[in-house]
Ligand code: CTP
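Here we start with a single chain on its own, the form predicted on its own, put down as C-alpha cells.
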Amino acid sequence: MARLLLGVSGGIAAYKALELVRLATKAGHSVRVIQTPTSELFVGVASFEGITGAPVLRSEFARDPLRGAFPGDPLPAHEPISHLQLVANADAFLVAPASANTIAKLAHGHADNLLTSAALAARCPLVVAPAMNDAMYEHAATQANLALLRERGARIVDPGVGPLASKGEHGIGRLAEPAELLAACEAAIAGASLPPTASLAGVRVLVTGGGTREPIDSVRYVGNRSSGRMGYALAEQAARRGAAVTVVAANVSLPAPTGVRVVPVETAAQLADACAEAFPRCDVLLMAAAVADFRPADPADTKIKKTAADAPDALALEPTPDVLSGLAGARRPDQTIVGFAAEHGEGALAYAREKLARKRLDAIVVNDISRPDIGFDTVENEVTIVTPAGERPVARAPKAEVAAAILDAVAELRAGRASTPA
C-alpha cells in the first residue's frame, strides 16, 4: 500500500479531508497530514491525528515525533528536516482543499509555510484539489495559476458544481468528493510506478471523445452512436501515466475520469473551436470523437411541425470542416497525432492507411463497427493500430486495456521521434 501525504489549507471544505483520510486508511494506505494555520479554524488537529494514528505537522520549525516516517515505518536514527523527509517518503502529495491563496503560492514557488515548502521539495506526484467560491475559482488569476501547475506536471482534480459555503450561493468550486480524491492519488501513484518508457509524466494530452450532434431544428439533430467510452478510457489511462489531460467531450453522459479537465461540446463546430484553443499547448492529440462529416445546411430555429405546409420533403446537408486535417496542418514537429477510424467491413485497413498519409498522422486506430460486440457503446473493443512502420492488432479486450495499448504505441512514437537526429 502507499504512503499519502495530505496538505490541508483553509476552507470550509476541510471537513471532506477527514473522510478522505478515513477512506485512505481503510484502503490500507498510511497517511500523514500537514495543516496550515487557517485550516485549523475549520478542522482540528486532533481529528486528523485520531484517524491517521500519526501527529499532524503545522510548522516547518516544529519537531516531528515520527521523524518524517509514516505509520508502520521504522523511525530513522537521525532527526531529519520535516518538510524534506515527509515528501521524500511520500508516494503522492495531495493538497485538499487547495484554497486560491495556496494555489497561487504553489504556482509561483512560494515556500512560506510547511505545506508550500513541502510541495516545493516534492519529487513525488503532486495532486491539487481546488475548493473556493465560484467567483474566485473563475477569476483569470486562479485559472492561470492552475494552468501553470498543470504545465509543470501537477494533477488538478477539478471542483464540482453545486451549493457553496455562503447561503444561497450555487456554482463551481465545491471540493471533489473524497472517493474521487483518493482515486486521483492512486492513479498518480500508479502512473509514477510505470517504467520510464510508458510514462507520460509532464506530457500534455488532448483527447476528443463522444459524438457530435448537428441540429435540424430546435428539437432534432443528426448524430451518431458514439458513447465516449473509448475517449474517456484513453483520458483515464493517460492520467494514470502522469499526463495533464484535457478531454473535449461531445455529448458524453458517462462519469468524467478522475483528474482530467473536461470541455463539453455538442456540434462539430464547437468541437473544432475547443480543439483549436487547446491544441497549441498539447504534446499528444488522441482524436477519438466521432465527428459528423455533414450537417443540415439550414437548421430551423424552432421545431419543424410534421403537419406544417412548408415541412421539407428532404434534408439538405453540407460538409463540416475536417477538424483533424486542420489540426494536423498546424502541428509542431514535436507533437504526436493519433486519429481514429470506425469502418464497416472489408477494406478498413486499406482506407486507414490512406487516411494516415492524407491527414499526415503519426498513427490511426481502426475498428470494424460492423460487429455488434465491439465498437460503439460497448465496454470492449478490438482495434488495429496503423503507423507508417506497420500494423499492430489489439485483440478484443475491455476499452481500458485497448487504451493502454494505444498509449504504449504513443510512447514508442514519442521515443522514436526523440531519438531521431534533427
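All residue numbers are counted from 1 along the displayed sequence. What you see is a predicted model, and the numbers here were worked out from it, not measured in a lab.
There is also a form predicted in complex with this ligand; it is not shown, and the following applies to it.
Taking the partner from elsewhere, Glu186 is found to have every heavy atom lying beyond 4.5 Å of this ligand in the predicted bound form.
When contacts are judged by a 4.5 Å heavy atom cut-off, Pro76 does not count as touching this ligand in the predicted bound form. At a distance threshold of 4.5 angstroms between non-hydrogen atoms, Asn133 is out of contact with this ligand in the predicted bound form.
Within 4.5 Å of any heavy atom of this ligand in the predicted bound form lies no heavy atom of Leu94. Every member of the trio Asp293, Val323 and Ala342 reaches this ligand in the predicted bound form with some non-hydrogen atom inside 4.5 Å. Think of it this way: in the predicted bound form, this ligand has a heavy atom of just one of Lys359, Arg392, Arg67, Arg58 within 4.5 Å, and the residue is Lys359. Checking Leu86, Leu206, Ile103, Ala289 for any heavy atom within 4.5 Å of this ligand in the predicted bound form turns up a single hit: Ala289. The stretch that touches this ligand in the predicted bound form, counting heavy atoms within 4.5 Å, is 351-359, out of 32-40, 50-58, 382-390, 351-359.
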